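Below sits a lone chain in structure tokens, taken as the form predicted alone.
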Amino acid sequence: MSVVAAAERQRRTDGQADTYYEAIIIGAGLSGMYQLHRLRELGLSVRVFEAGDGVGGTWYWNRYPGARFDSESWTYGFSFSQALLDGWDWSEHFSAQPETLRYCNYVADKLDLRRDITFDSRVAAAAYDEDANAWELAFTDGRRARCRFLITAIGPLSAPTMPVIPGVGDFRGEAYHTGLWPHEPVSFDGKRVAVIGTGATGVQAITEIAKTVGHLTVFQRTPNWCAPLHNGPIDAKTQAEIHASYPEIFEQCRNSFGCFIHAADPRNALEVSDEEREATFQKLYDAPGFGIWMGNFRDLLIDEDANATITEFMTRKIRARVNDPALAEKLIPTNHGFGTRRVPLESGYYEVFNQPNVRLVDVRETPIERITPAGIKTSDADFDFDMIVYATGFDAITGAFDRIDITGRGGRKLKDKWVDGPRTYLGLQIAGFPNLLTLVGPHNAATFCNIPRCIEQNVEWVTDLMRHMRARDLTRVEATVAAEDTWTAHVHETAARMLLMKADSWMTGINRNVPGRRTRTFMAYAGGAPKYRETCDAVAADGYTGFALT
């Protein structure tokens, strides 16, 4: 009997059978569900605790109008199971939230996952007990649970933020945050609606709300470079081709920088003629998905002169699609080049502003002073609304960690350790926090990726680590300080060559809706998924170098 199994049996004897597990996973989104499936295969006693009342994670919470994939749906589903692939047909090339949530439930049903998931369970705190080599979790309802290994599957965009505006609680009408959207239908018919925020979520919501709204006012602080999605239904012939091509599709994803089907053009933008460059841009602009971002000339995100060429092209596109020249200029970003922030994909976003019942308010010119009982007051006007939609995003990547009081060895708080930015080893572990493993955590390739593709890599690597430890009766794993320092420095060095690092975004840790979140640091991993996978594999092959296993 292993040491872990013996400890579990002792806890059963002590009457704690329902509260002790070899592993606890926080979150029942795609990463949590897959990790549960893999650990059950190893024979571990494992439990998932989920704050919502259903599976799906991102796709459970984000039910706002217009929510959908920005990666091709047929590249998004799990690849590890032929049975899952054979039993599911995507109806659109970029599926909407309701279908994606149905897919998550399909996976949970097929793999019989719900029997090991406890819903309506929000973790308030997690503390490492050094004497017992165990984690103790406290839930918001007062329950507690203990485990040997704690695995976070909490997602990079799961901590919604409200804007820092006085009076947010004073509004008497309907108010919704896009990341906490009601499960019941919300009608916009004939209503005066405000949307605050024009990030990726705002772009999707604004486009959909504008179809039925009485009058829509969009409050924009920072415009974004948006590219056409070009979505459409999948016909029967294409469906058959997709099913027949899954091995090639997933191999193509595996070998691309962000695990999308779009591989970078090997040429440099300034090495081709003006005519050829323009033709390439136009071809990508007319094609579905992220090709214009992830499949463009290879130097666009590292060379400012090259980036200026695509930025000028996209500027012309916005001016051509918005009828009012002055309004078009307000929708053109001036503080970052195209692609240096994650690119929102849209389906008629710019044309919304040609509608007579849509108004844009530039809050850089006329700042919002407060939310009032009747609506919104800016520096030059009072607006009355029936509904306010807060498309104000998330405290990205580290925010969900900050909302759990995580305490490691010696009583050190994770939030304190990360006050100036995250420090990790491989984006999967943290020195001073033994047996805590962070799926899709900071400094992890999965935060800059077609996420299920990188989720599979994360989960399979963690599962192999668990298998390695069980075979050797090892019960404790912790990243060394030296390994953490080296990896964190590598993350920053890799990001430094990218233009992404110069833009204010959630990837660089800048969030004006989070007090104190002003330290510029790269939160993801910009070396690409293939390089990340290669590094993780080398660490494992070398006996998990950089980890102290005891």
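Predicted, not measured: the structure shown is a model, and the values here were computed from it. In case it trips you up, residue 1 is the first one in the sequence shown, and so on.
Quick note: we don't show the form predicted together with a small molecule, though the next part is all about it.
Exactly one of the stretches 198-206, 78-86, 121-129, 241-249 approaches the small molecule in the model of the complex with heavy atoms within 4.5 Å, and it is 198-206. Proximity to the small molecule in the model of the complex, defined as a heavy atom within 4.5 Å, holds among Met294, Ala269, Leu157, Ile455 only for Leu157. Taking Trp487, Tyr525, Tyr64, Tyr34 one by one, only a single residue has any non-hydrogen atom within 4.5 Å of the small molecule in the model of the complex, and it is Tyr64. Within 4.5 Å of some heavy atom of the small molecule in the model of the complex lies at least one heavy atom of Val363. At a distance threshold of 4.5 angstroms between non-hydrogen atoms, Thr521 is out of contact with the small molecule in the model of the complex. When the small molecule is considered in the model of the complex, Asn307 lies well away from it, no heavy atom lying within 4.5 Å. For Phe49, no non-hydrogen atom is located within 4.5 Å of the small molecule in the model of the complex, even though that partner is not displayed. No residue of the trio Phe149, Arg423 and Thr550 has any heavy atom within 4.5 Å of the small molecule in the model of the complex.
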